[in-house]
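Only one chain comes next, encoded as structure tokens, the form predicted on its own.
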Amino acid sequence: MKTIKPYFVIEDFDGAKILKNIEKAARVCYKSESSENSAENFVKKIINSGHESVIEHEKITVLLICDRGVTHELVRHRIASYSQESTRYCNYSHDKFGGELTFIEPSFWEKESVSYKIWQKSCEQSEENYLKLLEEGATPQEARAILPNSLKTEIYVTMNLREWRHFFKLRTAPAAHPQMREITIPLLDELRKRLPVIFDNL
């Protein structure tokens, strides 16, 4: 059994190109002319005016490595595309997985706490039983029935920029699940650095 912290990878990101493409689309509405360095200010004005439909023309793709419980909430966002690691087809007893299960550490319990130790023991038992089921001839899609929400998963997520803004408003809020916030707050912070005109006012 292995435990890791959640993390993310932002894929194929070109902030300048994103803003240029948004500007190009938005200027059709006004039939106005652009200049070499006008994209950032123009897009900022567009967002401040509430004309957010034009930022739907651009998207960001992120690879999230998190627990399956987080992804159950994540995929409720309808205007998005998802490709997720499949427990139906992935056989975690195979060498490419190290013959073990990987779990995401809960962010809300200290490692020395009784609660953490109960969680850890439960995951260890799940791994042991999962591997035994495979040895007994169960297929991965059958053996997965005993896998917990803490199982590590990888999921590619693509959303247009307007939907990312909506997503962050919901999923970084104090009422969001602690493990969702554990990954969404750092992701939003990183996107603020890379594309402040789109994400700074969230």
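One rule holds for the numbers: they count along the sequence shown, beginning at 1. Note that the structure is a prediction, hence the values are computed from the model and not measured.
Just so it is clear, the following notes concern the form predicted in complex with a small molecule, a form of the same protein that is not shown.
The small molecule is not drawn, but in the model of the complex it has no heavy atom within 4.5 Å of H57. At the 4.5 Å threshold, heavy atoms of I79 reach the small molecule in the model of the complex. Contact annotation for H166: at least one heavy atom lies within 4.5 Å of the small molecule in the model of the complex. Under a 4.5 angstroms non-hydrogen atom cutoff, the small molecule in the model of the complex has A175 among its neighbouring residues. Think of it this way: in the model of the complex, the small molecule has a heavy atom of just one of L170, L63, C29, I146 within 4.5 Å, and the residue is L170. Stretch-level contact analysis of 190-198, 21-29, 175-183, 7-15 against the small molecule in the model of the complex, using heavy atoms and a 4.5 Å limit, identifies 175-183.
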